[in-house]
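Listed next as structure tokens is one chain, alone, in the form predicted on its own.
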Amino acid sequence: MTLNHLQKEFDKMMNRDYFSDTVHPMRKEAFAQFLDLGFPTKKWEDWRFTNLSPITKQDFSLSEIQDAPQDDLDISAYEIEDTHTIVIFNGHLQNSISSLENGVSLMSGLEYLTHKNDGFTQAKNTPFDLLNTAFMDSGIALVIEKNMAIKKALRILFITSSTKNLMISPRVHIDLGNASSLSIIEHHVGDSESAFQNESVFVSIGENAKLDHVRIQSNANTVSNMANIHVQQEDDSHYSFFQFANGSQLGRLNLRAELKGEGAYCRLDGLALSTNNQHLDHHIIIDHQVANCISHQNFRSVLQDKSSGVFSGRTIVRKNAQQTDSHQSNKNLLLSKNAFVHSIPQLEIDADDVKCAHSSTTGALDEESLFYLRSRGLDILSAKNLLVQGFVSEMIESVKHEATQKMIQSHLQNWLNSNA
């Protein structure tokens, strides 16, 4: 995707008469900054193990009105029980088949901008966030007022399905008021022949509020999926995040959580299953800015064939963040001699009264365990599958929403059956 092609698509975006010109200055500023930075290269420290050629060597076009569903959309194949669902198809919100629970306000990006007095959070120093701001085409905001406990999980279903090379740029704001709670599920699916989805999510969690965030990345293996998630937590807030990734040719999670209020708790977990030539990336930053906060990172990957992965987990403890408690773990299971993973756990500690630790392991299936299982009558494939299930079961069981957990278990079983 050349910069000249992007410029042409940007000019098309600016000429769309159904977008408000209120955000035009914001788009122009972001695109100018992106052009100055360009796409990351392997000379950039945080991108040295990420090959962006699936994005940079193809030209992607904006999703037009004709790329929205022309007939009634059937989403039964993606059903998750006990959820309300917001449907976004090729970047187009499908109001007619979306539902919300009382207490959740769904706003457009422009409505949310007005709601925040033209001052909503943006990320200005990361190229894919800048690209998202320039091209954001499906901006929504979920606002939960203070003291609201939303009982039923809310799912955002992103469907990417087209024979065209589409570039889709969802922008999501999640704003929890003080003492409110919400469970949200991002569900990314579709059968596109080729697409580039570049999503930015901004999460604001008020005092004593709680957000349970599950992200399921099961795009077609011809799609590139870039997720940029920014979290800000206030006093005594609670944020738990789990990503299950088994889709996309190139999938990368960039997540930064800022613990800005004392007593904040942040738990980030992830499980990636990759095969063929897939590359699944996790770049995590937890920034402890004040005292008495707790954070955990626990990411695991299972890699088959010539697939590859990255875990880069950074915990920052600033000078004033005394009595921080932070733990970080990364474990990777290689099922092929040609699979590989880069694990980069990092601690940056400027305080002296802290409890911080990190660990990383990468290896193949244990031969003694395989021998033991085979001696009890299991064939080699059944024995391997059982060991893989044991490796990942703890991760999947951490998903609190029962129907979502069952669906992820089903994805795991299908993956094992396909890659036996």
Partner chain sequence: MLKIKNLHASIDGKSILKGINLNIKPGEMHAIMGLNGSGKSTLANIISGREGYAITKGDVIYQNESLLEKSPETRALDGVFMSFQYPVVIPGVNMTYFLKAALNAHRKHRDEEELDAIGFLKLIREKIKAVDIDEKYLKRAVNDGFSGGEKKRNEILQMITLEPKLSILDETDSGLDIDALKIVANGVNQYRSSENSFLVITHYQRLLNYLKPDFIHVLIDGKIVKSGDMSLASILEEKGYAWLEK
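Numbering follows the first chain given and starts at 1. Note that the structure is predicted; figures quoted are calculated from it, not measured.
Absent from the display: the form predicted together with its partner chain. The rest refers to it.
The closest non-hydrogen atom of K43 lies beyond 4.5 Å of its partner chain in the predicted bound form.
Although the partner is absent from this view, R376 contacts its partner chain in the predicted bound form, with a non-hydrogen atom inside 4.5 angstroms. For Q389, a non-hydrogen atom is located within 4.5 Å of its partner chain in the predicted bound form, even though that partner is not displayed. A residue is said to contact a partner when one of its heavy atoms sits within 4.5 Å of a partner heavy atom; S393 meets this definition for its partner chain in the predicted bound form. Note that among 381-389, 59-67, 356-364, 44-52, the stretch whose heavy atoms approach its partner chain to within 4.5 Å in the predicted bound form is 381-389.
Residues of 349-369 lying near its partner chain in the predicted bound form, listed in sequence order, are D366, E368, S369, the criterion being any heavy atom within 4.5 Å.
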